Structures are given as C-alpha cells and as structure tokens.
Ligand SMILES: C[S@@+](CC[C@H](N)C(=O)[O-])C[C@H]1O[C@@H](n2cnc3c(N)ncnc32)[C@H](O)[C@@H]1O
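One chain comes next, on its own, written out as structure tokens in the form predicted on its own.
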C-alpha cells in the first residue's frame, strides 16, 4: 500500500497537479458494509468504487477526509482468483449489480461477514452465532419488480433505463437487465420506442417540465402474470389506446396496465392518481398454498422464490402454537400474517400505507382467512393505543423497513412482553441496533440466519428469534 511511484504517474503530471488529482496504488483488503472496497494508505482507510479483496489497483482519490479517503479504481494491476467476467454489458456503469464480477460463494462469504461485524460492533453481541447464508437458487432472473426512469437529455433526446453508478441524476438506456426476464427487457424497449414515435415529452427533474417519468414492471414468477405501470406527470397519456393494444398483442402475459400520475417534484415512482388502462389493476402471485394480489404500489418481497425460503426459515424458528395470538408489525400486504394464520388462534396486522392495508384485507378474503384483522397507521401509535386487555400477544413478528424500528415503537413492542419475537430484517446494521435493546430488556437470541434475496448486490436479509 503506497503512493503511486513516478513510473505510474499521469503522462502530464503538471496538468494533473493543477487539477488537484492524486493517483495511488493500493491493495484491496476487504469489502465494506455498503459494498465498497477497503484499503489503507498512510494510516487512513480508503474506500474505493471497484476492486476486490486481494487485488492491487491503481486509483484516483476523489475525496479526502481526516480519517478516510474515497477513491475510484482506474486500473486493476493484479486480479484476484475470485474475480469472474460480469455477464451484463451494463456492469461497468450500472448502480445495481456491483458484485456481479465476484464469485457467488465469495459474495455469500462477505455477506455473512457483514452480518457478524454489525452484530459485534453495533449490537455488542459477539456470542450470537451467524449461520451460513442461505443461497438463492436463482442468481439471475429473480426480481419480480423493476423501476426504470425516463431521463431528459435535450429537446430531441431521452433515455429510459437505470441509474448510473453513484449518480442520482443520470440514467443510461437499458438494453437488457439480467435480474429480470427477457420479456421485461423487451417491454422496456417497446415503451421507449412508443414514446419516441409519439414524440411524448420526457420529464426533466431540473425544470419539472415534461410528461413521462417512470416505467415500473411487476412480474409474478409463479403465475407468469405481468403488470406494466407507467408513471407520468399529471394528465392523460397520449396514444394510450395504441400503447395498450401494442403491448398486449406483443406480450400476452401482460395481465394489467396501469397509468399512474404524479405531479409532485419529488422524483419517486408513487402515484397520486391511478387509472387502470387494461385488466383488473393487479396481478396475482403464489406463496406456498396462498394467493396474493399485488397492486402498483403494494409492497411484496422482490424475490418471490427466495421469499418462501426466507419465510419458512422464520416460521421454523418461531414454531407457533395453535393457541397463540400473533401481532404482525409492518405487515405490508399481509403475506406473513396470512401464511401463519392457520397455525395460530388470531393475527393482528399493523401497516402505515393505506393501499397496502386494503390489499392485505383483499388477500385475506381471497384466501378465506377469517382469524386476521388489520390496523392502518403508525406502529408506535397503534402500540400506544392498546388497552391492557389488548396487549396480550404471545408472539410478535417484525419486518420493518431498512431504517428499523422507531425508538418508541421498539420500546412499546418490548413492553408487550411477548414470549417470542421474530425479527426479519433487510439491514444488518439497524437490526443489530434494535437487537441490542431487545437483549438488554431480557430476551435472548442464540443465532441469526442470513438469507440471500439479492445475488450480485451488497444487500442481505436475515431472520432471528428473540425469546424470554
């Protein structure tokens, strides 16, 4: 680990000096929690975009802080044995599969390592055993949902695709994404060609003018049903009948087409107004022996097949009894509670998003589940509102967003004093933070089970059971 010697300096050192550039050569030692490569130079940590452990790289410092630096890899001098060719032609610039050039077994190794380090350093739970990561059976074509952004380039040019790595305001044109089916990529091409032929203006995030904003595709892996959700600025979609006719003729698996309208400046693919242009406005997916309706803005686990593995892992740990009253916090569209309802006496689900609660009620009816009910609102407010007789839950299941539990929600959950608390997390750092508080309140956790839901990415889900 050293500053680059003179032979590796840029050909125009004076110009480079004037630009403030600093070129270095370092050996990659590890992968950080956020997926960045880690090296050391002159007593400081260097976080790099690119590079794998065991490799020597040439890089450029892009930011220097007192305790660490950030750098971008320019060249790999010595490659490690675990490096493999990336399948995707977009790999060098896409912000998605940043680990696609790393052997899958090594991806799992570093994901387990991240979970263990979070437990040790954030939770102080060195005694908790981390199991080997449960691998995904499919490492490509596993996503049932993808969002693509329209990007205004100039008056005559636009792009439809995904974000460039490290850029929130730059999009590249998608040719094919290997995390979704070939059909989904072909639908992207069809919609892009249609917008170009119809000369429909594309939304500009800087001026907030234009119309086309997002294309969201949902594809049920068990049933094969596809949803096309086109999100625009406020207004009617030009040529919508021709678009619907063309899409449904070319892609017979399309079950529904939705036009969502969002007039807000915040650039998110959530609609204020929703019009169904074709079909019922939802698709249906199968998990175990239950059927679930998924609408445009419903939360549903993104990897359908691995969701069954994730849930079964949690259910085996939980081992519920027929007499248990179960509280399902952050229940989304109700999948966990509905799947567990036949094993317990009663289920209560709590979810903030109103659309998700409506979907949960529909899903319970669809599966003829009668011992389940749902509350729409903040988890912390629901817990605060419970009377003494309503607080008798034997089991609590928590599947929160990446931010984990709100401190008040966590405190009030612990105050319920359930016999068992099953925690499903998509963020080992916030899980470790919450686990520390749960253990301090008198609960024990002996092991954590990571499940890989997102191959080729830094993300990892995990399941843990806390017991009195």
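Positions refer to the first chain, counted from 1. Since the structure is predicted, the reported quantities are computational estimates derived from the model, not experimental observations.
Omitted here: the form predicted together with this ligand. The next part is about that form.
- Against this ligand in the predicted bound form, the set 353, 379 and 400 is in full contact: each member has a heavy atom within 4.5 Å.
- Just one of 107, 232, 335, 303 comes within 4.5 Å of this ligand in the predicted bound form, counting any heavy atom, and that one is 335.
- In terms of contact with this ligand in the predicted bound form, the residue from 142, 311, 282, 374 that brings a heavy atom within 4.5 Å is 311.
- Contact annotation: this ligand lies within 4.5 Å of heavy atoms from the stretch 345-353 in the predicted bound form, the single such stretch among 362-370, 122-130, 252-260, 345-353.
- Residue contact check for residue 99: none of its heavy atoms lie within 4.5 Å of this ligand in the predicted bound form.
- Although the partner is absent here, residue 331 lies within 4.5 Å of this ligand in the predicted bound form, judged by heavy atoms.
- This ligand is not shown here, but in the predicted bound form it comes within 4.5 Å of a heavy atom of residue 299.
- In the predicted bound form, no residue of 209-237 lies within 4.5 Å of this ligand by any heavy atom.
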